[in-house]
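Below you will find one chain, with nothing else, as structure tokens; this is the form predicted on its own, and questions on how it binds or moves follow later.
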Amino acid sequence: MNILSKLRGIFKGFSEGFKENAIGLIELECAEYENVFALLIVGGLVGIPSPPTSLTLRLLPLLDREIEMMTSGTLKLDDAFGRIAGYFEV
């Protein structure tokens, strides 16, 4: 095995690591966007001005997954900082 193939293997390892880290951050960002979407739709429950009722009722079936995420997210609220630190591998 020559030095060129060893360097190629090292850079491939770095590349895979960066890809996995980037994918994790994108998944975190998507989850946050879904939370914001759900908050916009059901914001009236917490005092945030919500869109017109007809629009909310049309979008409500799309919130099935977000409602499940919000429900599961409330169970993890005691360690929110730990969850964020885990994504950044702190």
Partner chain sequence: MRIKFFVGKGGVGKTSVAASYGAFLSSQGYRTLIVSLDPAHNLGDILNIKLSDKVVRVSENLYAREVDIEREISRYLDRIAQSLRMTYKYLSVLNMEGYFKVLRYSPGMEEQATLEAIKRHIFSHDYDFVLFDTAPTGHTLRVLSLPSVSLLWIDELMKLRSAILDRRGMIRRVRGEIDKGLPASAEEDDVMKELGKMKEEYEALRNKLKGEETGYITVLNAEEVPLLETERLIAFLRNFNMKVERIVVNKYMPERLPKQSEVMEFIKERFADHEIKVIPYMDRSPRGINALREVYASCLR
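Quick caveat: nothing in here was measured; it's all calculated off a predicted structure. Residue numbers count along the first chain shown, from 1.
Absent from the display: the form predicted in complex with the partner chain. The rest refers to it.
> Although the partner isn't part of this model, could you tell me whether Ile23 comes within 4.5 Å of the partner chain in the predicted complex, counting any heavy atom of the residue?
Ile23 belongs to the contact set for the partner chain.
> Please check if Lys12 has a heavy atom lying within 4.5 Å of any heavy atom of the partner chain in the predicted complex.
Close contact is absent here: in the predicted complex, Lys12 is far from the partner chain, nothing within 4.5 Å, heavy atoms only.
> Is Pro52 part of the interface with the partner chain in the predicted complex - any heavy atom within 4.5 Å?
Pro52 belongs to the contact set for the partner chain.
> With the partner left out of view, is Pro61 within 4.5 angstroms of the partner chain in the predicted complex by any non-hydrogen atom?
Contact with the partner chain, yes.
> Just to make sure I understand: among 8 to 32, which residues lie within 4.5 Å of the partner chain in the predicted complex, judging by heavy atoms?
Contacts from 8 to 32: Lys19, Glu20, Ile23, Ile26, Glu27, Glu29, Cys30.
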